[in-house]
Each structure stands twice: as structure tokens, then as C-alpha cells.
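In the block that follows, a single chain appears as C-alpha cells, in the form predicted on its own.
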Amino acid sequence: MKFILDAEQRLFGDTLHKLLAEADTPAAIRAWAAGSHEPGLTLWRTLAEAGVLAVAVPEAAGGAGPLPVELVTAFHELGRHAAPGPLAESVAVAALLDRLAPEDLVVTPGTADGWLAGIAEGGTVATLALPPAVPYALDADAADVVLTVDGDELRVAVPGEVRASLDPARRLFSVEGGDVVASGPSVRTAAEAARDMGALAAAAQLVGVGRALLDVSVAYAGARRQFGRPIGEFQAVKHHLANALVGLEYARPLVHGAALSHGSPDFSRDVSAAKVAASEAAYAAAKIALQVHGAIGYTDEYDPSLWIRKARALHSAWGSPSAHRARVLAALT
């Protein structure tokens, strides 16, 4: 499939790339991993001002969307710069709240719309757990709203113990359900919409992470010399880098294709196909980056290690490749 962003979408992506390039995201990532959220939250508010979160929130609630193509464009850049925080989770919460039937809401009228408006403006950081596919709430200690779904009930969640993560900047929390927000049949439908939107955002992030790792690996292969030659001149290294590029180039149109199918009966299937391709492509790019860089690639002080760890963590976030393959198969049979 051939897909080309229009001029406004390209400008949106380019603007975010420049904004993130100037933001020193490695410092924000390391601070976030240490439990210091302010640098990351400052970046969060800047991204919200640029419209990153508004594209996931309906216009009726103060957003600009939902605009799925703009969303994956934004999340590609967020992955490319490894921005910390529950960004995909906030997008998923927006999708969940938007799908709740008014008659199923238990909280004071306007509460859900207030949360949606806060997400769009950047003043509300939201996260959620959706067992069994998403058993933990990401960065619950930094969130203003933590939600969880239990059958037909949506509850405000109470964060519990922090769990170890493959990516130290992805802080996972077990949760227990608290006060009921909504109860009724629309909760299950809303939860499915949240899973799909979270998986789509994660897939776009993965393609961005993979692209960043490929770019830094190509640059390193051109600068590092062995036997009097840059290692990038050796055919074996070229083949590895070319394979990473092919994987990412195949994954990206699947992500955009899923965005284009938003609102159609095929959306869930297309999201799963995109998540499989993006997970495998980014994971392959991370392994190749580690091989090209050698031992320096996984040292804490070396910035590419932040991207390598994120690629591995996002590989199974919002559903593992095997789970999404099963969903694609079920949709085709």
C-alpha cells in the first residue's frame, strides 16, 4: 500500500521532531526512571500545546479529533525520541471515555468530559490497566487519573506495588479497583476501543524507536573503524542494517493503514497486524543496533541503550505479537 502524508500532516510531524530534538529527551528519560517526573511533565505540557493529545480527544470534549493519522504521525516522533510518560495510555483513556454511554456513568455528570478536556490540554495525565492484556498501569505515580476495567465496571484505580520493567522509564504498577466511574454494557465496548487505540499508538511508537536505532547504527557503522576501514563497509554489517530498514519500511504502512481503517469493522484486525509488524521490526532493529555497537550499546551512560530497552518493553506492551497474530487469524477465519 502506498500512503503519503499531506502537507499539514508532514508539517505536524516535522514540528514535533524539531521540538523533541531540542528537548533533551535522554535527560528527561533518566529523570523519569529515577522517579523525578518534572522534566518529563514539562515536556508533556509542551507536547500538549503542540496538539499531540488533542488529536485523540473528540471536538465535543475540547479536542481536535479523533484524528488517527495525525495520532500515528505524532507517536512515530514520540517513539523516535523515546519521550517518557503514559502517552499511549492517555490516548487509550480518551478513547475509553469517549465510548461510554451517558446512562452507564455513575460519577457526577461532566466528570468524564472534564478528564477528556484535561487530557487534550495536557493538564491531566491519565493511565489505565485493562486486564488481562494490559495488567499493569504505566506510570501510575505520575498520573492524575488512574482507571481500570473489571467486566462491566470502570473504576478509579488505586495504585499498588511498582513492578520491574525491561525499560526503567516504564514504571508499571499493580492496581486495585476503587470507586465506580461507569457500570453497564458500554464499558466492555469502550475497553475494546481503548485497547485498539493504545495498541495503535504503541505500534507507531515502535516504528519511531526502530527508525531512531537504525539511524544511530548507520552513523556509528560509518564512524567506527576496524582493520583500517569503517565497519559499515563490511557486507555482513550492511546486510543487517538493510534488513532492519526493510522491516521498518514494511511496518510503517501497516500502521498508517490501521489508522485509515479507524471506525471501520476491520480496525481491530488492522491494528493487530500493525502491532505485530511494528513490534518485530523495532525489536530486530534493537538487536542489530546492539550488535553494531557492541558492549557500549547496553551501557547506561550511552543514549542508544534507552531506545534499545524501550523497543524491548514496547514489543509486548498492549498485547504481545503472538496475541495479536491470534486476533488477526480469528478475524480472517
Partner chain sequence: MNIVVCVKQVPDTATERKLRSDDKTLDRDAADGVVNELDEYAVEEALRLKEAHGGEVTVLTMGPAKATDTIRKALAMGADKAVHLSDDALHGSDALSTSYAMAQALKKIGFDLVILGSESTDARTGVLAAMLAERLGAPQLTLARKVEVDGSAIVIERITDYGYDKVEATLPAVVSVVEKINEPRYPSFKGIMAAKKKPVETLGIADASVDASAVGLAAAYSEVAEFSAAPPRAAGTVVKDEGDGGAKAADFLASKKFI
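Positions refer to the first chain, counted from 1. Values in this document were obtained by computation on a predicted structure and should not be read as measured data.
There is also a form predicted in complex with its partner chain; it is not shown, and the following applies to it.
- For the chain shown alone, residue 332 is not a contact residue for its partner chain in the predicted bound form, no non-hydrogen atom being within 4.5 angstroms.
- Using a 4.5 angstroms threshold between heavy atoms, residue 296 stays clear of its partner chain in the predicted bound form.
- Contact check for residue 51: a non-hydrogen atom falls within 4.5 Å of its partner chain in the predicted bound form.
- Although the partner is absent here, residue 64 sits close enough that one of its heavy atoms falls within 4.5 Å of its partner chain in the predicted bound form.
- Taken together, 15, 22 and 55 are fully in contact with its partner chain in the predicted bound form: each brings a heavy atom within 4.5 Å.
- The stretch from 266-274, 28-36, 42-50, 298-306 that comes within 4.5 Å of its partner chain in the predicted bound form, counting heavy atoms only, is 42-50.
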